[in-house]
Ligand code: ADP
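Form predicted alone, single chain, as structure tokens, below.
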């Protein structure tokens, strides 16, 4: 059975909900807090699994309470975890999240923890999982050199690759020849192109710039404005899914997981983008990141 391999991090998301996000130096009384699974890699793997896709997660966690939480949640979601290493000398990652309950917008401080210590040698014993997968999905929360080596291994074995360049980080242009789909949001696209994206025309300019850098296929997610795709020839714009958003944390991860799943199902590019757009939209209707990923049934019920 075909599967997707995801290399990334798990963190325990500790979110603090209030009427707005505090400014620097300000203290305020919030309304509630929540602890849930997070980390871009974990969220994306969870999105795939909840849709019914087979997925193997490659990561490292600490031997602590949050590490126990990770194993429990990944296993409950039927995510294959043989490549999740447990390091007794490191802490499991944690993210502190400030959430505006009125708009759903957020500010996040991520402590990566154990995955920050990952080396290429650590990953060598797991390369076979990447080699045998049909799609390899990763981000930039892990050490950049290790991520590049994983992308190289994937392409050596003709595995389709998706790089979600988040958080935005300086990467060598050699990265680009190992990436089939590059999926920044508007802020990340601006980081890589120096083009501020305020509308669809700006997105087109940024995507063109990324193509000129050697990338093959670009998807720029634009939040409430939708998304823009190009491969240098075909262009597709899709409006955002119409939902009542209460929490935008993890929406980009939902999109990437949904997109990888759709490609695994051999959907044509436009259908895959529409599907992933729905997955992302639905994820904003629930609080949390990993916990908010929708099922295939929920996606299929969504008509707009």
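Numbering follows the first chain given and starts at 1. Everything numeric in this text was worked out from a predicted model, so none of it was measured.
Unshown form predicted together with the named molecule; subsequent notes refer to it.
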item	value
In the model of the complex, residue 222 touching the named molecule (heavy atom, 4.5 Å)	yes
is_contact(residue 280, the named molecule) in the model of the complex, heavy atom dist at most 4.5 Å	yes
Residue contact check: residue 240 to the named molecule in the model of the complex, 4.5 Å heavy atom	yes
Residue 142 within 4.5 Å of the named molecule in the model of the complex, heavy atoms	no
147, 185, 133, 92 - the one with a heavy atom within 4.5 Å of the named molecule in the model of the complex	185
Proximity to the named molecule in the model of the complex, single hit among 227, 218, 151, 74 (heavy atom within 4.5 Å)	227
The named molecule in the model of the complex: contacting segment from 249-257, 30-38, 264-272, 47-55, heavy atom within 4.5 Å	249-257
